[in-house]
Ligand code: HEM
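Take a look at this single chain in structure tokens; it is the form predicted on its own.
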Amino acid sequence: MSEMFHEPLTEAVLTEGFFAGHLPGTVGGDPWEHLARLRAIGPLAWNGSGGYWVVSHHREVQQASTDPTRFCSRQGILTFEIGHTYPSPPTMMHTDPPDHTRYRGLVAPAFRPSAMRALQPRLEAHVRRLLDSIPNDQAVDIVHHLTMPFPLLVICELLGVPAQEWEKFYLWSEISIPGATDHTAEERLVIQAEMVGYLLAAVAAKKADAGDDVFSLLAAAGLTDFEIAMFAVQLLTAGNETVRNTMSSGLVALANDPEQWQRLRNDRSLVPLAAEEMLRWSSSVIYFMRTAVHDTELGGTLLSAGDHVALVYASANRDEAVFGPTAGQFDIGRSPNPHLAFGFGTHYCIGAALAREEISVVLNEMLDRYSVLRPSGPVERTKSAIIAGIHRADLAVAR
């Protein structure tokens, strides 16, 4: 391994507190300044205490995501999985081709762009109903009123489970994200067992009563219970966590910049660009890990077979070499915008089209109703080092 790293890198870079401003060595407690310092050091930095490389540049994050024959996922996708082996992959994200190709092909038809566009009327109905409950010109928690229930209602419909149980699914989704809740390890195990039991039963029921939903696809695929659980948990979690936190963070950014909100109101053609900027700005998935399959090179650093690399999307999406001097600014007109919020390559997010549709619907429905969007209280973030989660964000909207 190269010894090019020139200053200590604390393991706290990718552990709890990342987005809560508790990073040792950060400038003023700002994680973005800390990531900028990492990028200034070089594309790769060695974390000696954690035993992995931190990849902070856009180019190298993209390169390591492109070729699973060089950088694989089967040896873990999170740094705390280093040294741990699984009898079977816990998620589809822990697989590589050809297994990943086969698994992805089972559910990909349900998430094709044309199917997501066809959902638009139902998405609009969900958002309108949720916005109807928000009082005019009063502070409300936009997370609990809108950005949390909306994607949960949608993913419940797509999976084929009762939408009225979305609050239960929210809890199950949150405990699946390390650091997202304050539940103890024992409590999480109990809740996870309840979740897996429910989801297995829901898929099994589709064998006798199939529909056009994702769980019906799984029921007909001849999968083992372990594989069904792997799919069901991942689809439930990934299907709402990332878009929920992207919308929450993006609406906070718009509330903090009234000129951007007015610009969007004046020119609705900017909505697709605004959605992409919300994805870049939020970087809801902070990082995933890959492992070098053989001796290779990345960003001028020689890596040995078995070396682990943490691909920090949150840093890549603010890389000045790609996004220019305004990389640290929220700009709804940014174009081009080659962000990596959905990952890249083999593991490019299967729900990308759905996320884009959901974000655009929320923006358009809010633009139809509100002339004013402003902050009304502090933003409460989770302590997860994996998902840039927001628990609460008080905003006010006015017609």
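Don't overthink the numbering: it's just position in the shown sequence, from 1. Small disclaimer: the values here were computed from a predicted structure and weren't measured.
Form predicted in complex with the named molecule: not shown, discussed below.
K.L.:
Is there any non-hydrogen atom of residue 243 lying within 4.5 Å of the named molecule in the predicted bound form?
P.N.:
Contact check for residue 243: yes, within 4.5 Å of the named molecule in the predicted bound form.
K.L.:
Even though the partner isn't displayed, in the predicted bound form is residue 100 close enough to the named molecule, meaning a heavy atom within 4.5 Å?
P.N.:
Yes, residue 100 lies within 4.5 Å of the named molecule in the predicted bound form.
K.L.:
Please determine whether residue 155 contacts the named molecule in the predicted bound form, using a 4.5 Å cut-off between heavy atoms.
P.N.:
Because a heavy atom of residue 155 falls inside 4.5 Å of the named molecule in the predicted bound form, the answer is yes.
K.L.:
Within 4.5 Å, heavy atoms only: does residue 342 come near the named molecule in the predicted bound form?
P.N.:
Looking in the predicted bound form, residue contacts with the named molecule include residue 342, since a heavy atom lies within 4.5 Å.
K.L.:
Out of the stretches listed (193-201, 300-308, 133-141, 92-100), which one is close to the named molecule in the predicted bound form, meaning heavy atoms within 4.5 Å?
P.N.:
Flagged stretch: 92-100.
K.L.:
Could you work out which of 354, 373, 362, 54 is the residue within 4.5 angstroms of the named molecule in the predicted bound form, going by heavy atoms?
P.N.:
In short, 354.
K.L.:
Though the named molecule is not shown, can you say which of 62, 337, 346, 47 has a heavy atom within 4.5 Å of it in the predicted bound form?
P.N.:
Residue within 4.5 Å of the partner: 346.
K.L.:
166, 181 and 232 - do all three of these have some heavy atom no more than 4.5 Å from the named molecule in the predicted bound form?
P.N.:
Per the other structure, none of 166, 181 and 232 touch the named molecule.
K.L.:
Only counting heavy atoms and a 4.5 Å limit, does any residue of 281-296 reach the named molecule in the predicted bound form, and if so which ones?
P.N.:
Residues within 4.5 Å: 284, 285, 288, 290.
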